[in-house]
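Presented below, as structure tokens, is a lone chain in the form predicted alone.
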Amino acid sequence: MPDRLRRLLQACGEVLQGAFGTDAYARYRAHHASHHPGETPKDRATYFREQQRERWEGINRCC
């Protein structure tokens, strides 16, 4: 596969990951590494569980 096509497919994959939120854990790890050096980050399962709890618990409507 030509290098240019490979880069294009990789860029498309990154856009799709961002659109669907599947890159959230990777973004969390990058943020954690740069802002909290020396601290242990959450593992993927814990991060996902906390995100789901935050999203779905409590009042989730406008009125």
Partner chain sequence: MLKKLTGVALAAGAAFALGGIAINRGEPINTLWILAAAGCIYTLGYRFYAAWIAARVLACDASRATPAERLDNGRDYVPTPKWVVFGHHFAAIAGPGPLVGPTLAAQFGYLPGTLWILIGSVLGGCVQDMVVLFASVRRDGRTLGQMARDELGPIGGVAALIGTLAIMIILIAVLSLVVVNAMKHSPWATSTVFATIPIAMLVGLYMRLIRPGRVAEGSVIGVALLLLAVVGGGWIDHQPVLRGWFDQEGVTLAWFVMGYGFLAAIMPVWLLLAPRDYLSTFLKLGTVMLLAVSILLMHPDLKMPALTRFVDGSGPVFAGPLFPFVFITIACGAISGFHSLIASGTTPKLLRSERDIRLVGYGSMLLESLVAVMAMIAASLLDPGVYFAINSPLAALGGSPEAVVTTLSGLGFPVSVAQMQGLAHQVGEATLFARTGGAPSLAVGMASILSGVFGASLLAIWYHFAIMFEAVFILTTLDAGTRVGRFMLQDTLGALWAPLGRTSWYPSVLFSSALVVAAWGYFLYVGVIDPNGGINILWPLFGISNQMLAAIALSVMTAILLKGPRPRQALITALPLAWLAFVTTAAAWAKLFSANPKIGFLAGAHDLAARLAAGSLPAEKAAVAGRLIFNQQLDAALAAFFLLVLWVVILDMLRFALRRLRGAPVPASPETPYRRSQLPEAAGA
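If you superpose the two forms and keep the largest set of C-alpha atoms that fall within 1.5 Å, you have the rigid core. No experiment lies behind these values; they were computed from the predicted model shown. Numbering follows the first chain given and starts at 1.
The same protein has a further form, the form predicted in complex with the partner chain, not shown here; the description that follows concerns it.
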Quiz prompt | Contact label in the predicted bound form: Pro2 to the partner chain, heavy atom within 4.5 Å | solution = no
Quiz item: Going by a heavy atom distance of 4.5 Å, is Gly18 a contact of the partner chain in the predicted bound form?
Solution: yes
Quiz item: Can Glu39 be called a contact residue for the partner chain in the predicted bound form at 4.5 Å between heavy atoms?
Solution: no
Quiz prompt | Contacts with the partner chain in the predicted bound form, stretch 2 to 38 (heavy atom within 4.5 Å) | solution = Ala11, Glu14, Val15, Leu16, Gln17, Gly18, Ala19, Phe20, Thr22, Asp23, Arg27, Tyr28, His31, His35
Exercise. Look at Asp43 and decide if its Cα position differs by 2 Å or more between this form and the one not shown after superposing on the rigid core.
Key: no
Quiz item: Taking the rigid core as the reference frame, is the Cα of Leu9 displaced by 2 Å or more between this form and the one not shown?
Solution: yes
